[in-house]
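Next up: a single chain in structure tokens, the form predicted alone.
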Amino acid sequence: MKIEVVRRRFAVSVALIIIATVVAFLIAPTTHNGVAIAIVLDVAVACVATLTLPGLRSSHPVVARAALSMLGVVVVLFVAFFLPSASDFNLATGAAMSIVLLGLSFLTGASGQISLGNSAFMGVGAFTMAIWANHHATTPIFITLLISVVAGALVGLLLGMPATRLRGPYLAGMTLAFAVAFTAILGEFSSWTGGDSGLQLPSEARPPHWLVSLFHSGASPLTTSTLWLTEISIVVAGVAFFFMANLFASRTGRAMRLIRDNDVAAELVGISLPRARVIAFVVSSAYAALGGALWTLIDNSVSPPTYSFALSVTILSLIVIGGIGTISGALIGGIIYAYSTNVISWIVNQTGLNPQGNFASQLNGIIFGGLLILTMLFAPLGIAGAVRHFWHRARNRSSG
């Protein structure tokens, strides 16, 4: 019976792929655009067909997560193609921030360790990206991103080893000290980091010519560059979410949650607390470094004031608002951060505030602080937790 269902789904999927390909070539202004749209639609159909296979999530959960991640990436890439360059820039920034939030969600939400130093870990990845690019300009972007991830992981390892002896406010204090001292540390190595002025990338990231002719026919150079950076950020975020989803569901993820809930019970079942806590720090710092490296790539520059302690507070607020310890919470927090600048600009324009005034400059922190208070009052588990709660209630009512 199950084989018959699979065959039927396969036949329907093939028919939908053929229809999607024909429609893509009919609506596209050029053949190149038709090929691009057809690829996107065909991949989306294949992912949906894979996700709807009976018993896939229970028998092959990794395949299901891969299909879901690929579907999300393809849909967002398709939407980004039609957005203006300013919206693409916000989307790329939000994707980078969601990666950082994902790492903190694992560290604090899964393992129960409090960290206030994620802005410094982001800075490690950001400056590694800039320094490496200035000395090795021909290195491919994805290799440079991997180097930044390794640098962040090493710093997380160095900080995580003494952190195994600390808990609660003492651990938060240590990471706070690292975040506060980070800008001063950068100043001591001004010959490498550029001091207070920071560093500029040697050249702006540009897509390869074959990709320009295939996907961006007729686009302006600015739009092409912005869209290319957006595509890189979305693809990297999709890969990061895929690996984190598997990590959450793995034996290591279950061990982290047991440590968070009851570390004595975790030790009794043979879990090494120091090793697990160091792993959590390494993963979180690697994700933060990846997000910081993407920020440098998007902005084409990096400066120490960007990675101050205030950014750590913003990161912590966003993950609490989105839903700490959840994959979707990191995504929600990234979306909020991506378009917070537009909301603030709208408020300033509507209220007639002086954009250069003190109140307008602090409006970002005021809004995030207000959202954090409202979240703690009305949705202690964050937006993701509240949505899940109402969804379960609605299902229980319908089944009852």
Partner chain sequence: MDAFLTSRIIADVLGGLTNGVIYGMVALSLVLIWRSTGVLNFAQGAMPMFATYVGFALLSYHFGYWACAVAALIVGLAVGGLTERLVVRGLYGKPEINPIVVMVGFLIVLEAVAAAIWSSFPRSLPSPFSSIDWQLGGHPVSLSPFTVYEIGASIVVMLLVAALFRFTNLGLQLRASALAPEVSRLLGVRVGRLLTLGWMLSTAVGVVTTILVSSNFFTGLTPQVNDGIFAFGFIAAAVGGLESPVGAIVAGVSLGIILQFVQDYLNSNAQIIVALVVLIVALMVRPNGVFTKSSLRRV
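Computed from a predicted structure; not experimentally measured. Residue numbers count along the first chain shown, from 1. Just so we're on the same page, rigid core means the largest C-alpha set that superposes within 1.5 Å between forms.
If you look for the form predicted in complex with the partner chain, you will not find it shown, but the lines that follow are about it.
With respect to the partner chain in the predicted complex, the three residues 253, 383 and 385 uniformly fall beyond 4.5 angstroms at the level of their nearest heavy atom. Residues of just one listed stretch (135-143, 284-292, 122-130, 175-183) have heavy atoms within 4.5 Å of the partner chain in the predicted complex: 175-183. Contact annotation for residue 358: at least one heavy atom lies within 4.5 Å of the partner chain in the predicted complex. Contact annotation: residue 151 falls outside 4.5 Å of the partner chain in the predicted complex, judged by heavy atom distances.
Interface membership of residue 377, defined by any non-hydrogen atom within 4.5 Å of the partner chain in the predicted complex, is confirmed. Put simply, residue 345 is far from the partner chain in the predicted complex: not one heavy atom of it is within 4.5 Å. Taking the partner chain as it sits in the predicted complex, the stretch 251-266 comes within 4.5 angstroms of it through a non-hydrogen atom at 263, 264. Once both forms are fitted on their core, a CA shift of 2 Å or more is seen for residue 379 between the shown form and the other one. Core-superposed comparison between the shown form and the other one: the CA of residue 63 stays below a 2 Å shift. Between residue 277 and residue 376, the Cα spacing is smaller in the predicted complex than in the shown form, differing by no less than 3 Å.
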